[in-house]
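Quick setup: one chain, the form predicted alone, written in C-alpha cells, and binding and motion questions come after.
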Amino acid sequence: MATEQKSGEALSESRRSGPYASAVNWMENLSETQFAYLLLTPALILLGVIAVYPLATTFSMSLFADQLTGSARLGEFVGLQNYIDLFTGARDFALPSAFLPTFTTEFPFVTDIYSSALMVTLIFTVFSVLFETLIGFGQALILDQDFRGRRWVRVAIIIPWAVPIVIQGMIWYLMFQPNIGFLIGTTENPALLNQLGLIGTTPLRDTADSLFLIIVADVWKTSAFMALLILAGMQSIDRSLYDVAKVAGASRWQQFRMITLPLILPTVLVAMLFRTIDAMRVYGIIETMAGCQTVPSLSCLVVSTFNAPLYGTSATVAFVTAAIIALVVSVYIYNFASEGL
C-alpha cells in the first residue's frame, strides 16, 4: 500500500515538473465557471463550424446583387439594398407572396394577412406551439399516472410523431381532397366540418382554410414530442413531495399548482423553445398539403427564390428568418433568467 502511494506521488510530481506542468497548473487555478467553459470549448468550436460559418456566409451572400437588385450588375456588392427592397415591398412582384402585410391606419392596422409570408409563419408558430403545449401537457399528465396498459398508450401517442412529414402531408391532403376525402363534402352534401363553418368545400385551395388544416395536422403530429419532453420532466420530480402533500391534506389541484407546475415549468419552456424554432422554419407540411402558392411561409420564400435562382434575395430572406428566430430565442432566455430557471 505504501509502495502504491509513493508511486502515485512520484507520478503526480513528474506531471507537475514535466512538459505539461504549466498547463496543469493553469487548469488547477481556474474557477469552476472557467473550467466549465474550458470543457465547453470543443463544442463551441464545432457549433461555430456548423452554424455560425453558414450563417455568416448567408449574410455575406445577401449583400450582393441578383437579377432583382435594381440597376446593379449581377454579383455586384450592394450592401443592405436587398434588405431595403424586401421590407419596402420592392421585391414582392417577383416573390410567391409578399413578405410583409399591408399596413393601414384603421384597426386591425394590417390587411392581406394571409398573403404575407411573415404573418402566415407567425400565425402558424403561435397557434401550433400553443396547442401542442397544452395537448402535450395533458398527455404527459395522463402518462405520468400508473394504470394498466400505460405502455400501449405511450406507443399510441408516439405513432403520429413517427410518421414522416411527406406521408403525413399526403394523408391529410387526401382526407380533404374533394370527391376523395371522407372529411370533406360538397356544396349539395356538406360534411360536418363544412356545416360548422370551419372549412369550405375546397379547403386546400383557400389560404385561411389550408392554414387551419396545416396547424391541426402539425398539432396532431408534434404534440407527442411535447408530451415526451414534459413527461421526462415530470418523472424526474421527487415522489416524496407528493406523499408529504397528501399527508398535509393537499388536494390534487394544490399538488399540481404547488409541486408539479413549478418544477415542470423549465422543461415546458425548453420544449416550447424547441418547437418554436422548428415551427418558424415550417415548409414540408405546407408543400405536401397545400403548396407554397396557397400557404406562403418564410421557408417557402427561401426555397422558391433559391430555385429561381435569386441567390441574393434568398439569402436575405433566410438571414431575416434566422434573425427572427434569434430574437425569439432571446426572449425565452430572458424569461429563463428573470424566473431564475
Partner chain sequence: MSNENSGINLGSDDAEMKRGPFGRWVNKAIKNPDRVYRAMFYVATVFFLVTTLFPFYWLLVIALTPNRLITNMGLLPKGFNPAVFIEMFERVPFHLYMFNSFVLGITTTIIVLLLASLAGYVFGRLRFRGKGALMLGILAISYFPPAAFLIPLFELFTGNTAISLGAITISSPDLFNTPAPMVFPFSALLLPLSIFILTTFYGQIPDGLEDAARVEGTTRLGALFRVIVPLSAPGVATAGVLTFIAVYNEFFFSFLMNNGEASSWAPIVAGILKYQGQFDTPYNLMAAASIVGVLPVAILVIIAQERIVSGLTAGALKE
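Note that the rigid core is defined as the largest set of C-alphas that superpose within 1.5 Å between two forms. Only a predicted model underlies this, so the values are computations on that prediction, with no experimental measurement involved. Numbering follows the first chain given and starts at 1.
We do not show the form predicted in complex with its partner chain, though everything after this point is about it.
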Query raised in the report: Contact between Phe225 and its partner chain in the predicted complex at 4.5 Å, heavy atoms?
Result: yes
**OP:** Check whether Leu80 has any heavy atom within 4.5 Å of a heavy atom of its partner chain in the predicted complex, and answer yes or no.
**Re:** no
Problem - Contact of Ile171 with its partner chain in the predicted complex (heavy atom, 4.5 Å) - result: yes
Quiz item: Could you tell me if Trp220 has a non-hydrogen atom within 4.5 Å of its partner chain in the predicted complex?
Solution: yes
Answer key, its partner chain contact in the predicted complex at 4.5 Å (heavy atoms) among Leu231, Leu86, Ala117, Val129: the residue is Leu231
Near its partner chain in the predicted complex, with a heavy atom at 4.5 Å or closer, the residues from 234 to 273 are Gln235, Ser236, Asp238, Arg252, Leu263, Pro266, Thr267, Val270, Leu273
Classify Gln34 as shifted (yes) or not shifted (no) between this form and the one not shown, where shifted means its C-alpha moves by 2 Å or more with the rigid core superposed. yes
Inset, instruction - Spell out whether the Cα of Val320 moves at least 2 Å between this form and the one not shown when the two forms are superposed on their rigid core. - result: no
